[in-house]
Every structure is written in structure tokens, then in C-alpha cells.
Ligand code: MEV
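As a starting point, one isolated chain is supplied in C-alpha cells, in the form predicted alone.
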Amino acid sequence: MRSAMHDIPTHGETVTSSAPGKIILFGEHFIVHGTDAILCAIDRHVYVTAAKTESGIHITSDVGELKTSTITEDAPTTALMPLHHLARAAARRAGYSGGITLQVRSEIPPGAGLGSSSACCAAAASAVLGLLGLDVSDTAIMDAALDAERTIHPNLSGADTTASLYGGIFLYNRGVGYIGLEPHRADRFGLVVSNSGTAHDTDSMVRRVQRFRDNHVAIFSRLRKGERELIQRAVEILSDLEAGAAAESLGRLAAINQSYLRKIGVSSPELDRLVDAMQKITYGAKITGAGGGGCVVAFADAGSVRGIVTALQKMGYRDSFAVGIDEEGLVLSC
């Protein structure tokens, strides 16, 4: 785990930052209703380079381009609007009236539940703040990143941004925030991710769960209690570096967690088929993220992940890959 305060450059003409994506190992959706969640940062990153220009804001990325002629001009509502908002707000605080360019390169598929949006905002926040000579403490980067992302997702918890900033495996609670767990030991378990190819809509899935809770109060209460106990058990496993069979134990919990997610209505026929296929060749699999689409994650022995990826690709799940845990978090450099 790395603090964004370490080795941060100050004022410069070009600044580059990288931030990792994330996987929710346990607890999605239930975190909105009072439970904890367990997340980990993954070794897929977003890279943002910020530079000064004469005027305007110009953002280029794999998902499109956004350009305004002045730094104070409003931006259209697109996927890049949060970055425009971030650059404009930082310029205002710095008293800067010139222009800013942002070049974005991502290794994280968008709309897949792997935290691409939050990683992008965290990397952009640190790069822009560093470029303009503003405060680049953890708190300042977090505040700027969340302010940007909330232009599109006003109710986000901050968990994804926390993963991008600090890295590692951690417990997250909306009231308490971040609680780091023991550093990951690479031989204890492996993670395999497969992308369903269907984009998810976080806001619609959150509303669906809310309706389920309102219409099935007693059932939801039991599921939430079960999720809380499941997460407590997962924390015990992750915190005991001497315990054997961590992959198998965590996989069993993942399968249970998936049964809860199916009951609250955030799975789909496509996701169910993908989960079932992965469960046959791993210790257990579940949706990661909002559901409705996006990715499935499975636990396996570290030495078997390459073979599992190959097997999934032969089944037709071409966008399958192994991920490692990023212990470093956000990195800012000249």
C-alpha cells in the first residue's frame, strides 16, 4: 500500500499519474444498506498525462474526445465530463487562466465493474493538482476525484476511489471508510476475471435492489445478515497469512455471495451462465460490481490461473484474464 504523499512532484509543465482499477471481492450492494465490503486494487491501470496549453480544456481518451475553447466553458454531458469538471475546478482554485490537456490511456474496460471511472478520476485529479502546484495530499486527491465523479454518479460510496488511491486489499464501510487488511501474499490465491461483454448500469441496479428491499423486507434482512457474517469470515481468512487453503475457502464464500446477489435481482441469464461455467473450473465465482452486466471474478490456486483463463477462452469467453493485486495504489511522476 502506498500513500499518494510519497515522492509527489510539485509544480511542473507536464505531470503523469496512474491509478489501479478494483474488484469487489465481497459486499457489493449490501454496502449501501449498512454492511462492509471487501475490495482489492488490481494490476490494471488508467494513465493520465496533464499538460499546460494556451487555452481551453482538451481531453483525449480511448472512449472519445472532449474539447472546449476556454477553461471556463461548460462541457457537454459525456463520459469525459467529470474530467473536464475536475480540470476547470482545479484551475479556478489555482487562479490559472491558461489551458489544460489531458491524455487518458486505460487498461481497464469501461462499464465492466472494474472501477475504470474512479481510477480515471483519481489519476486525473493527482495529475492536474500536481500540474497546477496545488495540494496533492491523499485528502485533496480524494476530494477532487469524488467531486468529479459525482457529476455523473451523485450517490457513489467512495470505495472504488479508495482502491485506486491506496491499493491493496481492504475493508470498506460508508461510515467508517478504509480499513487495510494484511498485505496480499501472491501464493495464497489467484483471481480470474471474465467480462460478460454487457455493460452494466450502476444506478439502475441500485434502484432495483432498493425495490427488492422495500418489497421483501424480511428476506432482505436475512440476506444482509448473511452477508455481514460472510464478510467477517472472509476477513478472518485474509488476515491469517498462515492459514492454508485460502483460495478454496474464499471460493466457497464467493459462491454463497453470488446466491445472495441472484436473490436480490442483480444477475442476468448471461451472468448466470458465465458464473456457472467459472464455478466448474474454480473454487467459486461471483459477480463483481453492480451486476446486470460487467465482470465475474473467481478464486483459484495461484498456479492454476493461466490454465483456467485458457479453458474459459476455449469455451467462448474470450475476454477472460488473470489479475494480480496492486499493493501500490496511485503513482504520480513527472
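Numbers for residues come from their place in the sequence shown, where the first is 1. As the structure is a prediction and not an experimental result, all values here were calculated from the model.
The form predicted in complex with the ligand exists for this protein as well; it is not shown, and the discussion that follows is about that form.
- The partner is absent here, but in the predicted complex a heavy atom of V32, alone among A302, V309, I281, V32, sits within 4.5 Å of the ligand.
- Contact with the ligand in the predicted complex, judged by any heavy atom within 4.5 Å, is made by just one of S157, S106, T151, T101: S157.
- The closest heavy atom approach of I59 to the ligand in the predicted complex falls outside 4.5 Å.
- When the ligand is considered in the predicted complex, V206 lines it closely, a heavy atom lying within 4.5 Å.
- Contact between G289 and the ligand in the predicted complex is found at the 4.5 Å heavy atom cutoff.
- Among residues of the shown chain, I24 is one whose heavy atoms approach the ligand to within 4.5 Å in the predicted complex.
- Residues within 4.5 angstroms of the ligand in the predicted complex, judged by any non-hydrogen atom, belong to 157-165 and to none of the other stretches in 250-258, 71-79, 157-165, 187-195.
- Residues of 110-130 that come within 4.5 Å of the ligand in the predicted complex, judged by any heavy atom, do not exist; none qualify.
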